[in-house]
Every structure is written in C-alpha cells, then in structure tokens.
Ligand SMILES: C[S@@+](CC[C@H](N)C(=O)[O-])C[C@H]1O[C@@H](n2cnc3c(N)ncnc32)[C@H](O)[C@@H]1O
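Before any questions on binding or motion, here is one chain by itself as structure tokens, the form predicted on its own.
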C-alpha cells in the first residue's frame, strides 16, 4: 500500500475503526475509469445482456415517483458516461445534474447528451464525498454502479442525503454479492474468469475487470446496505433484488423534519 493509500485509509477511520469503502484509492479508481471509458458502455451491455438499461429505467421510476420531483433539480452521482442522468431527463425530470470525479467519463457523457439533443442535463466534475452543492438542493439523488467504488460508503450516503430536500429520495442501483447456493459457483466462475478476459479484450485493460468481481465480493450485501441507508438519516428504506439476485435497487427518503 502506498503512502497516499495509507493516509486515505486513515482518514476514513472513525473512533479507531475503519469504515467500509472501495478496495482501491480514489486516485486509482479515477485513473482506471479514465482508461476504460472508450469501451465502458459496450462492456456494460455485454455483461448484462442489455438488462442494465431496464434496471436504470426502474431506478428512474423510483426516483421520480413523487410528482414534485420533476419540478426540482435531480442529481445523478458517479454518473460515468451519463446513462442514468439522461434516463432521468427522458423520464420527466426537467433539470438534471450529473456529477463524476473522472473527467474523461464526463466528456463522454456530454458528447452522448449533445448527440441525443438533451440540453436539460448539466455535467459537473466533483467528488461524491464532498459534493459541490448546497444542502437541500435536489428532489432526488441517484447513483448507479458507483457507490461500490467510493472510499467511504457511509460518508457518501450521508453526503447524498445532505443535498436532498426534506422528503427527497435517494435511489441506489448496485451490484450485490451473489448469495444463491445453487448457481453461486457458476456465477463466481463467470464473474471472476470470463468477465476479466472479455473485458480485457474489449477495453484493453484486463486489470480493471479483475477489480470488478473483487469489489463486488467486498461490498455490503443488500441488508447491510439498507442499514447504511438508515444510518445516513434515511427512512422508509427498502430494496429489491434484480438480475437473479446479482443487483440490488435500494431507495430511502430524507426525513421531512430533523
């Protein structure tokens, strides 16, 4: 572990106990996504058989379930190449902000938005742990396949909750450790052996797709993530497993009163 990584780990220690977060430093994660941006969308479609598009639509419906959500800005954190931010705009949100700390990803998102002719999305470079927005700005906040890569899961959830208006909704779509005993071994083989090979051939960066199954295995299971939602100050927390139990869709609401 480098000195920077040690300092970053130490900065996440609370009361002498390390809080769960990404397996790699923020700098490493940012550089990794900068390397794979060119084939990022294609690999997502390939790995999920295109189901990731359907899952994002579910996240949009959940985030915008309150009719007031379409009138107030909506935030998509770790927006990557902008798929969920653009889906939020297409789903009825009048103004969407997509934020990510990897500038190459945001350039790809902006190009995708321009091609789609969607002017209702603003792209902002920013870190999920220190979002550059005032408290109580957004009616809804989403994060898809990004929380797993953040240095401190609980701090990130607290920060996303901070920028929500009272009664605003936080929605998280994320890969979850696969716990089904019958198919578990087969899925583990596919995820740890096949995905890195295909990802390496497609993106030219096998290391990034070796990191993917490792990061999922270390991520809190759905029940534990729901507890982190509650600790961040969210109520009415619920989740649903998708993709045969490989993906979890969580939602929680910011308290209307302190």
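Numbering follows the first chain given and starts at 1. Computed from a prediction, not measured in an experiment: that's the story for all the values here.
Omitted here: the form predicted in complex with this ligand. The next part is about that form.
Taking 153, 123, 145, 178 one by one, only a single residue has any non-hydrogen atom within 4.5 Å of this ligand in the predicted complex, and it is 145. 33 is the sole member of 33, 229, 219, 191 with a non-hydrogen atom within 4.5 Å of this ligand in the predicted complex. Residues of just one listed stretch (133-141, 86-94, 73-81, 162-170) have heavy atoms within 4.5 Å of this ligand in the predicted complex: 73-81.
Heavy atoms of residue 64 never reach within 4.5 Å of this ligand in the predicted complex, leaving it off the interface. In the predicted complex, this ligand sits beyond 4.5 Å of every heavy atom of residue 225. None of the heavy atoms of residue 208 is located within 4.5 Å of this ligand in the predicted complex.
Contact annotation for residue 108: none of its heavy atoms lies within 4.5 Å of this ligand in the predicted complex. In the predicted complex, this ligand lies within 4.5 angstroms of at least one heavy atom of each of the following residues of 81-110: 100, 101, 102, 105, in sequence order.
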